[in-house]
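To begin, one chain is listed below as structure tokens, in the form predicted alone.
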Amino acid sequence: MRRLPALTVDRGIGGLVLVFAVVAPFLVPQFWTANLLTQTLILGIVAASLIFLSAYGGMVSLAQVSIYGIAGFVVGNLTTNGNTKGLNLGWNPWWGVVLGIVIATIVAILFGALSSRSTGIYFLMITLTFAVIANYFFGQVTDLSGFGGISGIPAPKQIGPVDAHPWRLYYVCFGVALVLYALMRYVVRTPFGISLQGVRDDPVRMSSLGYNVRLHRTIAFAFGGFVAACGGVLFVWWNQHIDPASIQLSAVIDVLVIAVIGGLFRLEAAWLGAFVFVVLNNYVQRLGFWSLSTRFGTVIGLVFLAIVILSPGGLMGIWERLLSLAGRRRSQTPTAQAPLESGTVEPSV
């Protein structure tokens, strides 16, 4: 029996997921479209930026949420025009998108340049410092936000009121997630992406071969910031509000948990982890025993602990192990003996 390649199974499952994502608004209740699935796509984009840096650059960044928040605050300040905090400049939402992504990416370049010399726990702590600075900056600079945040952030008229047409924003988020995923897959196959993986594995050797290690890390961080910024724009359209609590330490940990649950070694894991996180966050409150409805942190902490112990590669790691196990079992099944070649003599008994 011919063994089905694991890659074929992977692509088949991926194709089914894409088909479901396309038709989901017609199959699931509006609550799922407007809240669970749209939020999964947005959080998945931010987690994918973290996984990109971790899997291909060897950098576990805790600054992705702050970059995502910077893009959201820029959009809020530029596009609102009412009784809310911020500058309320009333610009066209599309100009807010452009400047939000550009400014957040420039900040990501600065963050990347400052942290590119460090690795491991030192890199983690530096990016955590960036996250804390961003949180306190928007909390204390009341001209840009303050702790009350910015409300009534409008989506472009092509999307319309999100509450009235949730499927429009869902499809926008789905399209952006698909394009960013394809872009990340493309980047890791370019000469830059291959050399970045070399920097991840052995920076000293890559430096001796003439590669600029700091520049590679800075560019990778900037690209990850661009991806996170796109998620921040979608977030403020979906939530119509952003405040410093949106990028506080708990939000940073949430994105890290999403990435670990899905798996820090594959981009697809970002959306898988986000889906599990969002579903648990919404439905654990309906549990009527052990007071779990008020202890989501305990539940997600137990899930996180179980994943780390059972599969350091996350849920995608479990999936890959199942495929490998199925492949070994298929290869061990007896097959019919091949016919003797012409000209050979069958051994006598």
Partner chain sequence: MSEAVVTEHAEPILRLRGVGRRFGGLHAVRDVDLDVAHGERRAILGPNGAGKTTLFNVISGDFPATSGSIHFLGQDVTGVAARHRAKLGMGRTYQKTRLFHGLSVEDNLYLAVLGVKQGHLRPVVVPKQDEELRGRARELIASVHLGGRESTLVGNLSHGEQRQLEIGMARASDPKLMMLDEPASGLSRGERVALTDLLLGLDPSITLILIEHDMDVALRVAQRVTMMHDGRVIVEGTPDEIRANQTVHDLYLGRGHQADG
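Residue numbers count along the first chain shown, from 1. As the structure is a computational prediction, the values presented were derived from the model and not from experiment.
Separately, the form predicted in complex with its partner chain exists; it is not shown, and the next lines address it.
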{"item": "Proximity of residue 167 to its partner chain in the model of the complex, heavy atoms at 4.5 Å", "value": "no"}
{"item": "4.5 Å heavy atom contact, residue 200 and its partner chain in the model of the complex", "value": "yes"}
{"item": "Partner contact for residue 121 in the model of the complex: its partner chain, 4.5 angstroms, heavy atom", "value": "no"}
{"item": "Heavy atom of residue 125 within 4.5 Å of its partner chain in the model of the complex", "value": "no"}
{"item": "Listed residue that, although its partner chain is not shown, lies within 4.5 Å of it in the model of the complex (heavy atoms), from 212, 129, 81, 142", "value": "212"}
{"item": "Of 172, 180, 206, 107, the one that lies within 4.5 Å of its partner chain in the model of the complex (heavy atoms)", "value": "206"}
{"item": "Among 267-275, 81-89, 233-241, 184-192, the region lying within 4.5 Å of its partner chain in the model of the complex by heavy atom distance", "value": "184-192"}
